[in-house]
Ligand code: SAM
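Only one chain is shown below, in structure tokens, and it's the form predicted alone.
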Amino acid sequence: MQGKIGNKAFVDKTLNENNLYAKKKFGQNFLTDQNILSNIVDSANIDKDTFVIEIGPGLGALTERLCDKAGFVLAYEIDSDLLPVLNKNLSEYNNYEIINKDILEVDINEDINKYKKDYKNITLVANLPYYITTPIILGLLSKTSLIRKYVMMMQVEVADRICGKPKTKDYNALSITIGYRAKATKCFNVPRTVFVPAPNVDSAVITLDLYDNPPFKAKDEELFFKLIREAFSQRRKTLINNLSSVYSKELINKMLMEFNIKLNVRSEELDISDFVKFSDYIFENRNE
């Protein structure tokens, strides 16, 4: 569909008429490109059997398209000043609910169960605020397994790190933390020029598809995630040097020899399955 909300003239007019402005404290940048809005919705692959969660609907440019395609849209908007404008812009739809809360503070499972009814699929679609992108993603992944697909726009550097592959500069602890639970795919880049106001960085849209049958399962997930953080704590150091601040060098040496891995290996050379093996080994041998 060709939305009425997502263009620069409409955004400028709406902000001026309602005495509104983009608030830096909420990371607000209003997307004004019709094609990109359509591409985001297309990437979500939603239909009337889909229950959509949106974060930060802003003036409703993306929400309008989501309401048109989805069965129901539950949107979280932290800025109460935008609520009257949002409801006005979406007045022709009756398949949405806007909750005026910070997504980091909600009980997402409770809200989903309240509104989702009999929809087959639950998908999150969001243009995430740059300053809290990672806390939002990791928070939701740790709090709920009900959302099976994420379609998110974020700062391009963060997108590249999430989708990073072993032996590349973008691969890091975040790549593994998210890759443990979901398949991450970068869809397309978004230039900074299509926002009002224009941010200082370019963006990208990625998808996360949660595994129905996870290929990785650590025996102690808390230990696994701690191990990843330590392994990438100083990128220029070897794995042994990074981990020796937490575990004995003797234990790490034995572990690497056990798995026939060179002693001077760096964390970015290893894939998720390696770190699961390491985590399980430490779990079973750390008291020796």
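Remember, predicted model here, so these are calculated numbers, not experimental data. Residue indices: 1-based, along the sequence shown.
Not pictured, yet referred to below: the form predicted in complex with the ligand.
By the 4.5 Å heavy atom rule, the three marked residues D79, L82 and L128 all count as contacting the ligand in the predicted complex. Only one listed stretch (71-79, 109-117, 88-96, 169-177) carries heavy atoms within 4.5 Å of the ligand in the predicted complex, and that stretch is 71-79. Among residues of the shown chain, F51 is not one whose heavy atoms approach the ligand to within 4.5 Å in the predicted complex. Of the heavy atoms in R192, none are within 4.5 Å of the ligand in the predicted complex.
Looking at I103, you'd find a heavy atom of it within 4.5 angstroms of the ligand in the predicted complex. Though the partner is left out of this view, L243 does not reach within 4.5 Å of the ligand in the predicted complex, counting heavy atoms only.
Shown without its partner, this chain lists L31, L239, L227, A44 as candidates; in the predicted complex, only L31 has a non-hydrogen atom within 4.5 angstroms of the ligand. The contact with the ligand in the predicted complex, taken as any heavy atom within 4.5 Å, belongs to I132 out of L146, I132, L210, A198.
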